[in-house]
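Only one chain is given next, in structure tokens, and it is the form predicted alone.
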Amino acid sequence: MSITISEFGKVSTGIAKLYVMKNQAGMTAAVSDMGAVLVNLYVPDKDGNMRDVVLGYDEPSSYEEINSIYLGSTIGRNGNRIGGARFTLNGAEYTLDQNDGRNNLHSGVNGYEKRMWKVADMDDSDTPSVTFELESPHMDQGYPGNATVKVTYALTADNKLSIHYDAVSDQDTIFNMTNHSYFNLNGAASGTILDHQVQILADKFTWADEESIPTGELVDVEGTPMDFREFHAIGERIEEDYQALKFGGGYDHNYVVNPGRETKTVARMKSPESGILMEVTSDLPGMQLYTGNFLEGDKVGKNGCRYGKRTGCCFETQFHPDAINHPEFEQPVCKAGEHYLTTTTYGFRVE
């Protein structure tokens, strides 16, 4: 087990660093203080070869300047959308950036993924980890409360990458953080993920309008192309004549994976080519499946690769989108002085 630190490159506020964790099985995770982003994730395939299974960039300036598609991003304070870019908390109305039509997406134009974080802790033991910390002042992005936010990446001996969030504010506020990594189990420059097979352990998803804002209705997946309770290839039904798919341009939907808030497996994805299977565990009520429908090939990623449509798949664990405006959903409100604590784990093995 080890952690190595190197210069990643220049950003507007100085020099970003890369922190590379490695376990005895050879799995490697590289994270940066620029945006607390996940840059590389090398896992062994069925032949023992290492594949980098997350999309990303070769230099930190790209994460800061051009990453409008959120590759590897730590999203905060609130992931996904807030309808009308406004919400009411304790009788006060708060207005956010309208950066997705008239709505707010991933907290607006000044997201946490574009900022330099400080390293609060490192552990070079059998489970190497790096903890990044960010101070988010009152009314930052439009949210109330002075907040201290921490994100810890840890790599286990059995090829699991855990991402733990710990945030606290001096006022009641919203915390709904997530990681926006795009996974491609054949490798970051290997083409589309349409042949990847996905399983989502959910009976329902949150129906959304054409702006991807939930209506409040929870819809059964039974008999629809949204049903991933058994493994299905992503490309098998993605073009079907189903209104939710047409609104999202493919899969870009929140599943009700964990209404009891247990820590459990919520999704799996596997690749027939590489033999890699990824398992997602979470303690949050929802998970957004996003199949890269809006990647346009205009962003130059690792090794000069251009990421086109559906070249990566996201599994964004979260409270349901626009939950703050839907009292019927579990609320992402964190009381003053209380800690927002949640962990998502991505585990890997071969079949």
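Numbering starts at 1 and follows the sequence shown. Worth saying up front: this structure is predicted, and the values here are computed from it rather than measured.
What comes next is about the form predicted in complex with a small molecule, which does not appear here.
J.: When the contact criterion is heavy atoms within 4.5 Å, does R81 count as touching the small molecule in the model of the complex?
T.: Close contact exists here: in the model of the complex, R81 approaches the small molecule to within 4.5 Å, heavy atoms only.
J.: Answer yes if any heavy atom of Y182 is within 4.5 Å of a heavy atom of the small molecule in the model of the complex; otherwise answer no.
T.: Taking the distances in the model of the complex, the answer for Y182 is yes, it comes within 4.5 Å of the small molecule.
J.: May I ask you to check whether D252 falls inside a 4.5 Å heavy atom distance of the small molecule in the model of the complex?
T.: Judged by the heavy-atom cut-off of 4.5 Å, D252 is in contact with the small molecule in the model of the complex.
J.: Using a 4.5 angstroms cut-off on non-hydrogen atoms, would I69 count as touching the small molecule in the model of the complex?
T.: Heavy-atom contact with the small molecule at 4.5 Å: present for I69.
J.: Pick from A188, I238, L105, I163: which has a non-hydrogen atom within 4.5 Å of the small molecule in the model of the complex?
T.: Of the listed residues, the single hit is L105.
J.: Using heavy atoms only and a 4.5 Å cut-off, determine which of S282, T311, S32, Q288 is in contact with the small molecule in the model of the complex.
T.: Partner contact (heavy atom, 4.5 Å) among the options: Q288.
J.: Using a 4.5 Å heavy atom cut-off, which of 69-77, 269-277, 131-139, 220-228 contacts the small molecule in the model of the complex?
T.: Among the listed stretches, the partner-contacting one is 69-77.
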